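Just the one chain here, laid out as structure tokens, in the form predicted on its own.
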């Protein structure tokens, strides 16, 4: 890998024409290989909903490519403006420049999307790219490598397959930027390794993304959106709602609304082709153990008596102990706690006393409530009256804050993250700077006094 990165760093960056050409070829190959991609992901998960793969892995990537091709010529143009009046008529400029070789470390939960999305951003900025897909989804990783080889030469995009040790070595490479998507715990390791080379990072982590439902919002509407966001990909989404906060008096009605919506969306989930499996036995075991120590009457399993294969049935947990692991760790599965809260202020305090989430979901039509949540909480993003779909907004940066990550990408922000935005100063022929330089005569002192007021 070290030899490969040196080779890639010695080569010129992509021209704008090459960037557009490669992205067009990438879109063409994705369309041609669409069924193979969906099949590979399905095999890695033992079962992944075809519609979920089509929407989250294929459609989102193709839309991002189309948007990037449309705008990249505009993005690369230097932005120029007049300098401060004291230096008039000189000019200042920001000139985007490729960073060099970008490393992408992708997770298993969206094993195609979270390779291709960052790749689009890196290519849009003119970089060459090294990729480490997740070893947990090996068939998708192999197919991704084969697919990208049809579009890029090895010295343009290089895919490294391997286990955790390979990933560790990858993050130690002297790359010019690393984009890592994964858990906070692993993100700390990546950041430590990257620090040896002062490699800049974009860390897309996760955390416990809360849902806050205000007192007057329709529980039927909230349930429809929550079920669509929580049980998409069986909850194996960094943006998935992790727990709900609402008044105790509304809890029973919310449970009924959620049950009704789950049953309508995923009848007989054990055999339902739209209901995705947990990715592997280890994660299946982890999620089942997460329910240990919680009173049976607090656990509501919807859709059947037992799990089947690697599927875990949609599960609601009412007011688990706040010290329990289910409220300490990101769930990343089809289990949803519902926490009683006295009022809006108590909910805000509850959120603020914990790590800053990747996303906060608010269900409210009250402008004052929306403003209070917007101003008094910190999160990577705030989504109002809908779940997950903000990820697909190409002109809206995606990223975390604090323990949920650093940096962001998507659309123009992806281009900026993968570029060095070089500052350029143009001194005009008419130059008065000598008036503030030694030797400081009386005339110069008067000039300095003049411009200092």
Ligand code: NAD
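Positions refer to the first chain, counted from 1. Values in this document were obtained by computation on a predicted structure and should not be read as measured data.
The following text describes the form predicted together with the named molecule, which does not appear among the structures shown.
- Task: Could you work out which of 181, 127, 276, 140 is the residue within 4.5 angstroms of the named molecule in the predicted bound form, going by heavy atoms?
- Result: Among 181, 127, 276, 140, a heavy atom within 4.5 Å of the named molecule in the predicted bound form occurs only for 181.
- Query: Tell me, which of 144, 383, 379, 134 has a heavy atom within 4.5 angstroms of the named molecule in the predicted bound form?
  - Reply: By the 4.5 Å heavy-atom cutoff, the listed residue in contact is 134.
- Item | Contact segment among 334 to 342, 364 to 372, 166 to 174, 78 to 86, judged by heavy atoms lying within 4.5 Å of the named molecule in the predicted bound form | Checking each option against the 4.5 Å cut-off leaves 166 to 174.
- Query: residue 186: heavy atom within 4.5 Å of the named molecule in the predicted bound form?
  - Reply: Residue-level check for residue 186: yes, a contact with the named molecule.
- Item | Any non-hydrogen atom of residue 358 within 4.5 angstroms of the named molecule in the predicted bound form | Yes - in the predicted bound form, heavy atoms of residue 358 and the named molecule come within 4.5 Å of each other.
- Task: Answer with yes or no whether residue 121 is in contact with the named molecule in the predicted bound form, where contact means some heavy atom within 4.5 Å.
- Result: Residue 121: no, not in contact with the named molecule in the predicted bound form.
- With heavy atoms only and a cut-off of 4.5 Å, decide whether residue 398 touches the named molecule in the predicted bound form. Although the named molecule is absent here, residue 398 would touch it in the predicted bound form, with heavy atoms inside 4.5 Å.
- Query: What residues in 185 to 211 sit within 4.5 Å of the named molecule in the predicted bound form, counting heavy atoms only?
  - Reply: Stretch hits, in order: 186, 189, 190, 204, 205, 206, 207.
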